[in-house]
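One chain is shown next in structure tokens, namely the form predicted alone.
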Amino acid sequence: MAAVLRCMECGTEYPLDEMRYRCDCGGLLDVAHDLPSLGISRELFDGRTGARGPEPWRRSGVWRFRELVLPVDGDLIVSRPEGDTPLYRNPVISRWVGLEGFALKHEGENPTGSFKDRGMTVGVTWARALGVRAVACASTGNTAASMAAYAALAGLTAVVFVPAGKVALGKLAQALAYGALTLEVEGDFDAAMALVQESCRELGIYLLNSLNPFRIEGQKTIVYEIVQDLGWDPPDWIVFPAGNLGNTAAFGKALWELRELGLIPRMPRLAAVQAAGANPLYRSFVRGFSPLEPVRAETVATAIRIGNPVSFPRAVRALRWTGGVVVEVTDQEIMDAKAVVDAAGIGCEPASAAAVAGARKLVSGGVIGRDERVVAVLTGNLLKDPEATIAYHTGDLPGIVPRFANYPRRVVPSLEAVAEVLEEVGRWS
């Protein structure tokens, strides 16, 4: 194979088919591709855009870049397909953020409604190649939903560990519907993460959290697509939510590979956005990337409610590679940004809106120039967390002022009542 597992700390290499997530030294592992041997070109990937065929993976925005993702036979690939998500531009959102050159990469339009599908198509494919019978993950919701779906497609048993009472119902419903054995752990996500690692180690189950290096390989393709969508002329910044930091790690690795291959003339800067109530990476960043200090996470953005992220070392490397920054935003800023994105007809879950709120904050603070081109990544679909959306608009979200509320109006069943409301809100002439 034209790839190995390589420790990012000491450089020790292991064969791809050795089922491990860390080096013997404790360092995290990368899938290291032999880039010069791959024969990669822009034309190769451009020629696959819009491809069709009987196998779903031929239409996948992940497997379009398969040489840079995973060297595996097509008959092993588990795909729905995923990826190939849109790049939206909206003048109302752009004005609110303060940038003319602002675009949104909407990963919520993946099959299960989040970017996790990109990592799971690769992770579950490799699980199938290894011949394992069961896969597991800890999750705040999206990972569980995605893994459950892909495991079902592959005929594997899925076991998901979720923090009891702290998962949005839209995500929990997916995990249950797709047939996963769902374990509600008494504690937060970090407790669930510790338990799933122990369970996988002792019970021989294959772990599919972003600690798994193959998950990172799939998530890299978000950046590959962004750059390809822009005609291989990268933006100045890529802004995204940061929770367990798998995307931070993946985006940096993707940009490094593209530069090494000569496919991009320069590397965009990365901006990782954390919720103020779940901000261990931000705290490290403002202290010059000091060692990680876990926090007790609490935020309305459940997808990034993580206080002890497992991909922290990879994330720091990615930010250093790209001259990146980390910013924190409040729940108020997150929900206001979400209301703006939603009202434009695009929509996203709260964690996704952190990217838009973060971009706005970086522009107002002068970190991002108003003439720079920025792509923000929306990581999850609006329907992932309908409770938060409804509570915002009805004024029932604790501690949040609904500045852009669109509350429902109750009327009697008469034309006069309808006309009266339309006149009141100024939507009738």
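Since we're looking at a predicted model, the values are computed, not measured. For every residue, the number given is its place in the sequence shown, counted from 1.
Below, we turn to the form predicted together with a small molecule, even though it does not appear here.
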At the 4.5 Å heavy atom threshold, is A138 in contact with the small molecule in the predicted complex?
yes
Is S60 one of the residues lying within 4.5 Å of the small molecule in the predicted complex, judged by heavy atom distances?
no
Is D117 close enough to the small molecule in the predicted complex to count, meaning some heavy atom within 4.5 Å?
no
In the predicted complex, is there a heavy atom of the small molecule that lies within 4.5 Å of any heavy atom of N142, even though the partner is absent here?
yes
Given that the partner is absent here, state which listed stretch (259-267, 200-208, 223-231, 347-355) has heavy atoms within 4.5 Å of the small molecule in the predicted complex.
347-355
Just to be sure I understand the contacts: of A303, M147, V122, V239, which is the one whose heavy atoms reach within 4.5 angstroms of the small molecule in the predicted complex?
A303
Heavy atom within 4.5 Å of the small molecule in the predicted complex, from candidates S79, T112, N212, N244, belongs to N244
